[in-house]
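Have a look below at one chain only, the form predicted alone, in structure tokens format.
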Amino acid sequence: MGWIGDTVDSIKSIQIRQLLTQAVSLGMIVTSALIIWKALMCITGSESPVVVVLSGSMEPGFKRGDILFLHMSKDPIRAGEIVVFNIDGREIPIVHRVIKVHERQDTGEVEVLTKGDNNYGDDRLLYAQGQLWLQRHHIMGRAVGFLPYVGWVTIIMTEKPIIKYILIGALGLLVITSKD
């Protein structure tokens, strides 16, 4: 029958104890990944310690598919820093450079204006309707390091979901059919 027939026979012959062992192992892997992610959130002070650059707006510094490592400290944000921010009403974070910092005299609040290195104008057109500056709560973190091209895996799986489902299915079959 070939490989598919052998796989089906293997699935049929799995015992309950083996299936439970595989499920517990998978659960431990997922739980470990979540614990590591939460620990990174606590260490970096960022709600998302790692992000993928999704556009070419920061070229030549950062290219589409680069992974950025973020850190958010209490230090004031300065012009020239690269920050990742969320905009009200948009789900996808944006990676751009701070070009102006504005401190309100009455409240002491710091507001920033950003721009992509590869863009002609500032980001005010990207901000929410009527918003001219970003406040601190919009900023997820400052870029402190990057890994080039590694984020392409995420981009491909997001843009072509069939690849994600094939990969998940293949990994599931591998887990189910593997023998200890």
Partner chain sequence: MASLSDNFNSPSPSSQIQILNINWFQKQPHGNDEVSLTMNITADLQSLFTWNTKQVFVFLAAEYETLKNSLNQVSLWDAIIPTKEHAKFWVQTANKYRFVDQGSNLRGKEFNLTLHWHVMPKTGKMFVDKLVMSGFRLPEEYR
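Positions refer to the first chain, counted from 1. The structure presented is a predicted model; accordingly, all values stated were derived computationally and were not measured. By rigid core we mean the largest C-alpha set that fits within 1.5 Å across both forms.
One more form of this protein exists, namely the form predicted together with its partner chain; it is left out here, but the text below deals with it.
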{"query": "4.5 Å heavy atom contact, V101 and its partner chain in the predicted bound form", "finding": "yes"}
{"query": "Touches its partner chain in the predicted bound form: G27 (any heavy atom, 4.5 Å)", "finding": "no"}
{"query": "Its partner chain contact in the predicted bound form: C42, any heavy atom under 4.5 Å", "finding": "no"}
{"query": "Partner contact for G56 in the predicted bound form: its partner chain, 4.5 angstroms, heavy atom", "finding": "no"}
{"query": "Its partner chain: the contacting residue among V144, M140, V153, V52 in the predicted bound form [heavy atom, 4.5 Å]", "finding": "V144"}
{"query": "Neighbours of its partner chain in the predicted bound form among 69-85 [non-hydrogen atom within 4.5 angstroms]", "finding": "R78, A79, G80, E81, I82"}
{"query": "Exceeds or equals 2 Å, Cα of G108 between this form and the one not shown, core fit", "finding": "yes"}
